[in-house]
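Only one chain is shown below, in structure tokens, and it's the form predicted on its own.
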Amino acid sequence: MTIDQIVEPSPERLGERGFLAGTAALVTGGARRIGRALCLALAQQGATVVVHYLTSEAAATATVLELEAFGGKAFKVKCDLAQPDMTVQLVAQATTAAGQPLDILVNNASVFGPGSPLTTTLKEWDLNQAVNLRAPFLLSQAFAGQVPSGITGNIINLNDFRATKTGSDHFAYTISKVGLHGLTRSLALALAPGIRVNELALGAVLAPEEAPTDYEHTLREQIPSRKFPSLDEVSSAMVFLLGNDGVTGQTVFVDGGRHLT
């Protein structure tokens, strides 16, 4: 069985202002899919949300309008995370858009593609390392530099269960996510106590929009819970991490237990 249903997050709940009121958050790749769901959850809890995008300007505009329609404050910022000189400016652009320093950084954007250790090209390797690993590092570095003294900052990295259960498929992507796992743990130590750093390791939540010809759908029977995590479940895990000051350097698997198999 393949992914056969997408349960959208519930935007009508944005009227319930939560514990993030007065804070500002930047979500990379926030215009669509999982990123959009994370933006909705942040706005639901009262955060001002800066939606990063590269090519999905129409979707970013729609997401911003959706957040504003329910009483949230939201802005959009364009940046090519494969370009380091642009990436290092993104946090400053986001703070300018929000009109305040950022309290939350969600490194959600990533590239994903097939390839084995023997077929992966240098171009594919470099792109995955740039977007999936270097960009979160550069953004985290810039984020840490602007968090005001006395304020607790939060970094949430969106990872993959493959980071701790590696295989030979999607090789460049997987290795970049292994690096992101290490980055999360290292930054949690380096940035403590002022900034907490955690990650969500996801399983099959949404199928790729443009699946490669050799893409293999995850079978429900491969997941111990026999269900695909929903967008709301991913968002809820993020909200838990943001709301628990006793948690840092942790990996929360939202994969139905697939990392155990």
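The shown structure was predicted, so the numbers you read here are calculated from the model rather than taken from an experiment. Residue indices: 1-based, along the sequence shown.
This next part talks about the form predicted in complex with a small molecule, which is not shown.
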>> Just checking whether I195 would be counted as a contact of the small molecule in the predicted bound form - the rule being heavy atoms within 4.5 angstroms.
In response: no
> Any chance L139 has a heavy atom within 4.5 Å of the small molecule in the predicted bound form?
Replying inline: no
> Is there a heavy atom of M86 no more than 4.5 Å from a heavy atom of the small molecule in the predicted bound form?
Replying inline: no
>> Please tell me whether any heavy atom belonging to T48 falls inside 4.5 Å of a heavy atom of the small molecule, as the geometry stands in the predicted bound form.
In response: no
> Hey, with the small molecule in the predicted bound form, do G29, Y53 and V111 all fall inside the 4.5 Å heavy atom range?
Replying inline: yes
> Pick from 186-194, 139-147, 67-75, 103-111: which stretch has non-hydrogen atoms within 4.5 Å of the small molecule in the predicted bound form?
Replying inline: 103-111
> What is the one choice in I156, C79, A98, A163 with a heavy atom within 4.5 Å of the small molecule in the predicted bound form?
Replying inline: C79
